[in-house]
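Quick heads-up: it's one chain on its own, the form predicted on its own, in structure tokens.
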């Protein structure tokens, strides 16, 4: 079968070939960068740097899928370049359309059977990995965490430990010789969310009225970034989370500190009075006070966290004051109301919150 690219000059064909080559170069460069080693002090979320058994299984599956799809791309690309070069329009060609050939049993079988085989192989490989992760036996010494997705922040509850925190998940490192994985029960308080920490596990959705589960067993300490991977509203992009993988000693020290009630310092009594006599107590909880709200993050130890507003700003007195006065300045679309306190009341409230460590 002979095809002719009518009306197409050789210069146009060459420009298109160059464009395709540049595209391939860009894809190869992106693949090289994505597989490059990520330094420990720059916790970029990447599936290509796994530090947990589920993430490692997904990483190897991803490499397998990329290898197959890369081979498909290479074959198609080579055939495309071959056709562009061999059957380009020439000045000596006849102006008439070449004879068309229809029907080829061999070709039709090839482009039907081969794709089916590829899909079956990918399906079986993916199913095997999913089953291995979901059906993994649960050891006796696991850490159980209930993760609740809110618009637009994360709530973490440790039922067996009596700890409640927000946005920053602390879990112990898991020694392969004596594993202590973390099992998460995933709930949603409002709409669909998705819990995703690429270096530790795959994505799992949080759906209203449904309980989903996942687990992770990090092999080294450090900070790992995560993200809500399901569009859940205006501030979906700023629904960040941080997973702090601590040594067992540091994790136990963190638990002991989190179980302590809020400090009652006398020199911030005015700020505590502002907190307890405003709408703050309707949404937030502070252990040892009148505040028992569940709509917003637990503030008992809020100053032990690095960020506020689920990673939207650093946890500093200046940002905290701005957040209280007008949350829209930091996180437009958030559900926290602007308090509009007087300057003296706001300063007193910020000083009180700074003691919640």
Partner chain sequence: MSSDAMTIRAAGAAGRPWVEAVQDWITTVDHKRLGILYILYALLFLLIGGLEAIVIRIQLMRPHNDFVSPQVFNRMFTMHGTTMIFFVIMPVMFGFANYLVPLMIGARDMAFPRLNAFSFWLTAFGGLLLYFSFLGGSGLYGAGNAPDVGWWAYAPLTSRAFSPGHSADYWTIAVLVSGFGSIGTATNIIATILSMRCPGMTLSRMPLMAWMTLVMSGLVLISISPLSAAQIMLLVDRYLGGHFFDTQAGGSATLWMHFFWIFGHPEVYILVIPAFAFASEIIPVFSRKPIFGYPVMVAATVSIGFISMSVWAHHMFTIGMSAASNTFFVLTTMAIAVPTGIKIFNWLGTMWGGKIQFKTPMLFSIAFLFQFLIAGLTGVMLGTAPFNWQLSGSYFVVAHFHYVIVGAILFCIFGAIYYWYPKITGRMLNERLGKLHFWLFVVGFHLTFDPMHIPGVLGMPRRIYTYEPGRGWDSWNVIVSVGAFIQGIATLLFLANLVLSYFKGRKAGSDPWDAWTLEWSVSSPPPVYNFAVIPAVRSRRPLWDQKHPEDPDSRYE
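Rigid core (definition): largest C-alpha set, two forms, superposition within 1.5 Å. Numbering follows the first chain given and starts at 1. If you're wondering where the values come from, they're calculated on a predicted model, not measured in any experiment.
Keep in mind the form predicted together with its partner chain is missing from the figure; the text below concerns it.
Proximity of residue 249 to its partner chain in the predicted complex falls outside the 4.5 Å heavy atom cutoff. In the predicted complex, at least one heavy atom of residue 233 sits within 4.5 Å of a heavy atom of its partner chain. Its partner chain is not shown here, and in the predicted complex it never comes within 4.5 Å of any heavy atom of residue 258.
In the predicted complex, residue 65 approaches its partner chain with a heavy atom inside 4.5 Å. Listed stretches are 159-167, 279-287, 77-85, 250-258; the contact stretch with its partner chain in the predicted complex is 77-85, by a heavy atom cutoff of 4.5 Å.
For the options 143, 207, 173, 262, the residue carrying a heavy atom within 4.5 angstroms of its partner chain in the predicted complex is 207. For the partner-free chain shown, 115, 116, 119, 122, 123, 126, 127, 129, 130, 133 of 113-133 come within 4.5 angstroms of its partner chain in the predicted complex, judged by any non-hydrogen atom.
After superposing the rigid core, the C-alpha of residue 247 moves by less than 2 Å between this form and the one not shown. Residue 87 shows a C-alpha shift of 2 Å or greater between this form and the one not shown [criterion: core-superposed Cα displacement of 2 Å].
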